[in-house]
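Single chain ahead, written as structure tokens, the form predicted on its own.
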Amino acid sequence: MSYLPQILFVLCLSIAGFFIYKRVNFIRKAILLGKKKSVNDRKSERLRHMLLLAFGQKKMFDKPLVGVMHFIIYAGFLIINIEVLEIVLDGITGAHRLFAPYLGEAYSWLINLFELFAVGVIVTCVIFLIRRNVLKLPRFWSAEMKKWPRLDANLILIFEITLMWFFLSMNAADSILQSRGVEHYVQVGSFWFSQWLQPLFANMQTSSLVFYERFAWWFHILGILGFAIYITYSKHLHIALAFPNTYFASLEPKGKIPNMDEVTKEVKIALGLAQADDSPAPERFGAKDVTDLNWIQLMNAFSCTECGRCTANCPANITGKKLSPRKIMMDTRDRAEEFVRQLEQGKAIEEIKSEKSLYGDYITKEEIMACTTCNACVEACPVSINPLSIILDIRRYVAMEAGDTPNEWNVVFNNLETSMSPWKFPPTDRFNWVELVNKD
């Protein structure tokens, strides 16, 4: 019976590991729905970009106060994981405060530091809840932020407050049990912040106190395991995906729009700059569904923090247009998940494509055509997500496959094709205005 808690702990750890593995594999399948794209260039520059944006949270400090609050939650998450390592090892070995004998006085300083971040996380999460639900910041209340997205954002904040409360109250109960000389509780003294909670537990009997300390310990660690599963279903997946997402982000100047390789090849052949070969024609120009996008674009969708900075900076959205870059990313992610679920149900790829598509069923023509291609959304994103690349690929499908562009655009396209300019006159007349100037 003395090993029962350890057996239960290892069982819980294994169950959590199984569900995390299953979900990570699902997300991996969704991202790999995209086309292959090789990114092997400028490795040192990419590493620096990742360290600055994902690890250093550089863009969050565009607004210093919000940046500091976000950093407290982020740093608290990273540092408290060291404490979680001890709890996991305690759970497996049946020990209590396993690191204390090895670290000596440094152990108390470490726990004090963890408690400092725990209090910081609680304060910051309360402020973020007030910003979302009392002050009602507009970007948190736009059309796509209803039901699950709004609930998800609140749940995660409440979850973090609860976890930090049980961490602090567990330490408070532990300190009292130490002072009573209860066996199993290592003498490490009281800690900076949890000591102020001790009056709440001071009058409890020892047996009740041991029960609460154990309850808080189990709740804290099971909560963290549950949290680890939950974030794979949540927008907080960016905690992990922000790193590869920033590494593989485009390092080209923001205004540069890449040419389509297939079209470039045809133009070169037409101009006699390249020879025709036997390579097959592309399946589709542009993107109608998630399988027409590349894997980096799909990873972008799963990395989205749903913070709404892209939409808040989008001139089309600000002037009342239907376009929201955040919704583009959320729709792409939702469609990729639906696609994988149907594959797992045994449906063929062509059957899934015939029933629904990203363009038409999730993203509308009105949204796509409202984009000004200004790159404000790309510039605003704290983790280098690029909604514009998806918008452009869908637009290319609309123009080159569906032939559904507005008449005004079609006139321009025809002029470009026949006159090599947006206007309807031949290239030979392009400099006629010079003669008029000379005449004057």
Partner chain sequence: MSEPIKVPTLAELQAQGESPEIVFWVGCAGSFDERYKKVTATLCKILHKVGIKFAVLGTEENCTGDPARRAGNEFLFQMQAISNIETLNMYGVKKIVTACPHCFNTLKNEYPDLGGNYEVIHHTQLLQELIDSGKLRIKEGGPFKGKRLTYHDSCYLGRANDVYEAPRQVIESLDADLVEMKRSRRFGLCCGAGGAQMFKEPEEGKKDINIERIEEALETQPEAVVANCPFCLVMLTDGVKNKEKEDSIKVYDLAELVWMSQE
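If you superpose the two forms and keep the largest set of C-alpha atoms that fall within 1.5 Å, you have the rigid core. Numbering follows the first chain given and starts at 1. In this text, all values refer to a predicted model and were calculated from it rather than measured experimentally.
Omitted here: the form predicted in complex with its partner chain. The next part is about that form.
**Student:** In the model of the complex, which of the listed residues (N259, S207, T93, S354) lies with a heavy atom within 4.5 Å of its partner chain?
**Tutor:** None of the others qualify; the residue that does is N259.
**Student:** Using heavy atoms only and a 4.5 Å cut-off, determine which of F201, F285, W196, F211 is in contact with its partner chain in the model of the complex.
**Tutor:** The option sitting close enough to the partner is F285.
**Student:** May I ask whether V263, F413 and W433 all come within 4.5 angstroms of its partner chain in the model of the complex, judged by heavy atoms?
**Tutor:** The answer is yes: all three residues contact the partner (heavy atom, 4.5 Å cut-off).
**Student:** Go through 364-372, 155-163, 118-126, 76-84 and give me the stretch that gets within 4.5 Å of its partner chain in the model of the complex, heavy atoms only.
**Tutor:** Comparing against its partner chain in the model of the complex, the contact stretch is 364-372.
**Student:** Within a 4.5 Å heavy atom cut-off, is V437 in contact with its partner chain in the model of the complex?
**Tutor:** Close contact exists here: in the model of the complex, V437 approaches its partner chain to within 4.5 Å, heavy atoms only.
**Student:** Would L11 sit within 4.5 Å of its partner chain in the model of the complex, counting heavy atoms only?
**Tutor:** No.
**Student:** Would G255 show up as a contact with its partner chain in the model of the complex if we use heavy atoms at 4.5 Å?
**Tutor:** Output for G255 is yes: heavy atoms within 4.5 Å of its partner chain.
**Student:** Indicate whether R139 is a 4.5 Å heavy atom neighbour of its partner chain in the model of the complex.
**Tutor:** Answer no; every heavy atom of R139 is more than 4.5 Å from its partner chain in the model of the complex.
**Student:** Going through 398-435 from first to last, which residues have a non-hydrogen atom within 4.5 Å of its partner chain in the model of the complex?
**Tutor:** If the 4.5 Å heavy-atom criterion is applied to its partner chain in the model of the complex, 398-435 yields A399, M400, T405, P406, E408, W409, V412, F413, L416, E417, M420, S421, P422, W423, F425, P426, P427, T428, D429, R430, F431, W433, V434.
**Student:** Given a superposition on the rigid core, I'd like a yes or no on whether R23 shifts its C-alpha by 2 Å or more between this form and the one not shown.
**Tutor:** No; R23 is a residue whose C-alpha shifts by less than 2 Å between this form and the one not shown when the cores are overlaid.
**Student:** Taking the rigid core as the superposition reference, indicate whether the CA of T418 shifts 2 angstroms or more between this form and the one not shown.
**Tutor:** Yes, shifts by 2 Å or more.
**Student:** Comparing between this form and the one not shown on the rigid core, is the C-alpha shift at N432 2 Å or larger?
**Tutor:** Comparing the forms between this form and the one not shown, which are aligned on their rigid core, N432 does shift its C-alpha by 2 Å or more.
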